[in-house]
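Consider the single chain below, provided in structure tokens and representing the form predicted on its own.
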């Protein structure tokens, strides 16, 4: 049985081995191949996670029902590996142009994805906590990567202190749930005992705070703009996508595993719905006022968190919509942050004023950036439109029609600050223009692939959603995963 469990987690073991290899190569100063090895690790993990053998498309539980493997868990593993892989396309070029060759970042990136996979595929609150902390420790270091940069130091310190504070809430919530339910495993919890103990609402509330911090939802969002603007730009894109995707999926599983048989589920979903609405409004309103593109995308990411939270209120259908949304959001946001990094040599290069006329001076750059921004705004026929459609339709099916309508209104209003950047690039001029300079071809390749994928999934979303539907039916995520 133990050997069978090891076979089920081969993708995670392969990624851990890749991280250890990167550390060894860095220690022996064999550094030129580190990005390549990390890329091979992410691709290999995604390939190993594919359901290539018969029966692998059925989700299973391994290690005493503590972690999901196969089926939908495999798709989630692939999604998170993709976030790490596309970050690599921009990272090495950015560090080279900044003249800051920090080679241990590649091992950190790999181990962060390991934590994300554990977090997103956990069926036990202890594994959830281990994955959360593995991911978070790597992200704290990433935020403070530039040790001599005051903004980077500030980003790392704020993220660490506030993250540690949120972790305290999370672990205390786990303790209360364990005290009431007699187990931290979703498959073994005694929900009737938990409700009778009076610890359900306090425990759920504390765990809710921990998750809301990780996804930067209002009012636990304060760290987001400073951390994203102070972190190395490609890594800020990674933080805004991979870490949020893992946290949202883990949050969705937690809600669907612990609430179906509990009377108070409607109250908790209503609270999450209100938080989603406030998050959508706040993120979009404040993003309009930003002149820095990185801070604009940071507040934009808060708004997008609100959309995904709204989907999670819709139960299993909402979680499926959230998975699709976070996959598309990963593609467009890593692309947007990556392109800002391609034009950034100093902090001022991320200001909107310097981007005036950039689309006319560099048409391919302007066109590609426009694709990412239009997709973030939810303009058809790009994939961002379809991802928002699935989120709002799932909310309507769950009878959150008013929240869905208000969400659509905030999304339409939020399109203003994305389109403003496009207008600046093609219809305005400046005396201090920003120029795009790359040290190799990999960022251009990454931009091309990401833009093509957004067009593909916008025109043919069934290429992803049909597989997602199939795996959700087989997984039966919320009642009877195969032990």
Partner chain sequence: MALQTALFWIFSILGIAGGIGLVINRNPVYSALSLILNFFSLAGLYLSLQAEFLAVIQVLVYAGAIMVLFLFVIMLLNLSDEPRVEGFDIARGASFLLAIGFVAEMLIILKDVVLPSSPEKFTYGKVESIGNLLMTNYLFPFEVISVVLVASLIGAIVIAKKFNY
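Numbering follows the first chain given and starts at 1. Predicted, not measured: the structure shown is a model, and the values here were computed from it.
There is another form of the same protein, the form predicted in complex with the partner chain; it is not shown, and what comes next is about it.
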Hey, of 64-72, 445-453, 32-40, 414-422, which bit sits against the partner chain in the model of the complex at 4.5 Å between non-hydrogen atoms? 64-72
Is the partner chain close enough to 144, 179 and 199 in the model of the complex that each of the three has a heavy atom within 4.5 Å of it? yes
Exercise: residue 396 in contact with the partner chain in the model of the complex, heavy atom 4.5 Å: no
According to a 4.5 angstroms non-hydrogen atom cut-off, is residue 364 in contact with the partner chain in the model of the complex? no
Using heavy atoms and a 4.5 Å limit, would one call residue 186 a contact residue for the partner chain in the model of the complex? no
Hey, in the model of the complex, does residue 114 get a heavy atom within 4.5 angstroms of the partner chain? yes
Could you work out which of 406, 360, 278, 102 is the residue within 4.5 angstroms of the partner chain in the model of the complex, going by heavy atoms? 102
Position in contact with the partner chain when the complex is considered in the model of the complex, options 134, 410, 92, 258, heavy atoms within 4.5 Å: 134
